[in-house]
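You are given structure tokens for the same protein chain in two forms, set apart as structure 1 and structure 2.
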Structure 1
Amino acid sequence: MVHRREVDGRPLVLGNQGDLWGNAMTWFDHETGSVWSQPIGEAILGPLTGTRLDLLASTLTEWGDWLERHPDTVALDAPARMSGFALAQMAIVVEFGSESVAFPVSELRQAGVVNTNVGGIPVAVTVDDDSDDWAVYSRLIDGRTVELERSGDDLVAADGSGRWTAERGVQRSGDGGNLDVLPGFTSFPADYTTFFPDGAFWRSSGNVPVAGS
């Protein structure tokens, strides 16, 4: 979505509130601290509650199609996704605050799901044994931290409080709602070592710092 970040002619700087409302992202503005809901573009907490941002026209399309219609376009200086590589050779990197951890896909496949903390955030990282589907979830459910176990195509709470699809975190039973999906990205271990010298590789026997690996 693309919004005009302006209220009564005054530009707002918005950041990531990091909370979810209706399973959707929230923002905060640096001017008043109000909390905004992405899908409605409206402040839902704080001084600007009830204020809406205008939605601007945008398109979701493939780069090649966009380029054909807009040959003079500029492109955000950012990497595109990786393509053409075997996921098995890569690691899933989870990064919060100053901490990052790389989970080698080959080891994740053996473990099914890994329960750990990154930057103080309780996370579960899972990859399907025979497909390339992987996901990072918050293990904070209704204010409780749960341990997740893999059960076929599902994840189940070790305390029996719920069951979700492993691929998307959609609730299948229990009353905690869907799992919150957290960001992660794929990296070759060698690249991770180069660019995250303070990071660590997850191992079933304990994290191994990049500096000592």
Structure 2
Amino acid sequence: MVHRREVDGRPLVLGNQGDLWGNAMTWFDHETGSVWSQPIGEAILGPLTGTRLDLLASTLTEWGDWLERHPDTVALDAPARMSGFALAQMAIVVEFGSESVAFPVSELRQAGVVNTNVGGIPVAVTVDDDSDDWAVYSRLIDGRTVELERSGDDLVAADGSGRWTAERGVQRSGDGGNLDVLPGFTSFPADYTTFFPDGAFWRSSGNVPVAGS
């Protein structure tokens, strides 16, 4: 996940605080010493407690694929090891307003794409069946809400009005342009309840509140 590191127009310098909360990294800011939760970008200790950073839309992809699309990108070349996390064990979390929903990846893969509303915003959440590519898109196209279906590597409007790449939402045909990418992040389902005790888990039969999961 990627957050905007500004509070009231003032940029913060953030570092690794060294502890875990909800099985996830915590940061500290050099300006106030407040401690922040990485997944939700919220200060949980210190003078800025309760302050939230804006979550930005981002993508997780292979370097070669990214470089092909953005050949002028400059990146930090630092030694690292392979991640031990498996996407299939996680959930994609979408939060808007006072509502948050976790979409278990294993169930997303079976569905192909999920059309729903979170915080009153019509969204589509999709994950590739053979890779770790996932995305959250707005379903508003030219002021109207569309239902999206998975068709191979593409997303298509159920009414036949458009076709887009599932990985990046780039329009292949139709009107309305590219799909708007919305922010989301990954979390282990068991840890989601720490961050969003009033949240819900998506199920094909309907959202299930955390307390009832």
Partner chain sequence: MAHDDPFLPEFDETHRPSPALSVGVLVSLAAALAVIAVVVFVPADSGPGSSQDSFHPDGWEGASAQIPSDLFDPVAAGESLPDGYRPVLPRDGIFPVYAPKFRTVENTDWPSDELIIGVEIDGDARAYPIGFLTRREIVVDMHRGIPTFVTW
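Computed from a predicted structure; not experimentally measured. Residue indices: 1-based, along structure 1. Just so we're on the same page, rigid core means the largest C-alpha set that superposes within 1.5 Å between forms.
One of the two isolated chains is the form predicted alone, namely structure 2. When two forms of a protein are overlaid on their rigid core, residues whose CA moves 2 Å or more are considered shifted, and T73 is one of them between structures 1 and 2. If you fit the rigid core between structures 1 and 2, you'll see the Cα of L12 move by 2 angstroms or more.
For E149, the Cα coordinates differ by under 2 angstroms between structures 1 and 2 after the core has been superposed. Once the core of the two forms is superposed, the Cα of A24 has moved 30.1 Å between structures 1 and 2.
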